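Next comes just one chain, in structure tokens: the form predicted on its own.
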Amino acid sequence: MLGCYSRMVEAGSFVDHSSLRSIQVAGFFWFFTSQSQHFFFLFKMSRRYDSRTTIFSPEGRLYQVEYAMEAIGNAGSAIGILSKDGVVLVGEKKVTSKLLQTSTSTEKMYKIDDHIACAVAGIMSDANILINTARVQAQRYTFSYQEPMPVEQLVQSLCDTKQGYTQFGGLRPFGVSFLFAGWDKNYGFQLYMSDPSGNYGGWKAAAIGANNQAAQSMLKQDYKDDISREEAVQLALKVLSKTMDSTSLTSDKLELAEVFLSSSGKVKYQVCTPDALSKMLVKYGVTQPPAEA
């Protein structure tokens, strides 16, 4: 537009100052409008990658999967430790209100089959769906082959389901991470961790949920390959006491479960009672014993 005016002046056409100002103002608004449309287009493009699970961003990221992992970071933490004679799972229960009726069932620990259990961090409604799916898969395998399902095969099957929810439109990822503890005749005791993307891996010690990075660093420093189950319990309680947001560690805020072999050679899943857990906390120096009246 301004170029048109300059050509008019060169041609000798007469244009008064008011016309010149009108042309300049019009040119400014044309430039401003075009730039605004450009910025709006870029913003709209970024939101397009942000709101869909099936589209990669230009940096190769799936934002909705990353947001699901962030949601897990706000949940109660859970720690799993693999020992030479079993697997220990410890979880933090989030007490949102003093008026809330405490549940008699476990909140963080779930039994999938006689030889497999898991700890959960994230959205519990999502976890319930996946846990029921895993239980059905384990029973179908036992019914078909008359033997327990291998631990890694069950974990891989469940992670395939989780991965499908990141690849098809109209679905959102499951906002939950798991720690799987189990035993089978092929590889003995095993500990696996999975996240909303459907990835999983075998670990000697792992942490999920709130402050998982700090817990992972402590586990890396203090873990030993020949650790016993009792030492694993002590280490898990120690790490959880230093990484929990709560100032005091009590049995009301914790759950502890173990997978081990009984004296008869059968796999046993055992959840620690609140009374036994309170004694453990005092025994390992994590909390002070209650004052006597």
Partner chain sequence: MECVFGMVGKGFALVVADSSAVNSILVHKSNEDKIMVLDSHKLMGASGEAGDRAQFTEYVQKNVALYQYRNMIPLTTKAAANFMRGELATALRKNPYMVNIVLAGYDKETGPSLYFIDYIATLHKVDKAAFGYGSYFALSMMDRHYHPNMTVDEAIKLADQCIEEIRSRLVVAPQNFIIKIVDQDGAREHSWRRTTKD
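All figures in this text were calculated on a predicted structure; none of them were measured in a lab. Residue numbers count along the first chain shown, from 1.
Omitted here: the form predicted together with the partner chain. The next part is about that form.
A.B. asks: Verify the flagged residues Glu107, Asn128 and Thr133 against the partner chain in the predicted bound form: is each one within 4.5 Å by a non-hydrogen atom?
C.D. replies: Negative, none of the three is within 4.5 Å.
A.B. asks: Here the chain is shown alone; which of Trp203, Tyr141, Phe189, Tyr165 has a heavy atom within 4.5 Å of the partner chain in the predicted bound form?
C.D. replies: Going through each option in turn, the one that passes is Tyr141.
A.B. asks: With the partner chain left out of view, choose which of Ser217, Thr161, Gln153, Asn74 has a non-hydrogen atom within 4.5 angstroms of it in the predicted bound form.
C.D. replies: Residue within 4.5 Å of the partner: Gln153.
A.B. asks: Can you tell me which of 168-176, 109-117, 75-83, 141-149 lies within 4.5 Å of the partner chain in the predicted bound form, counting heavy atoms only?
C.D. replies: After filtering at 4.5 Å, what remains is 141-149.
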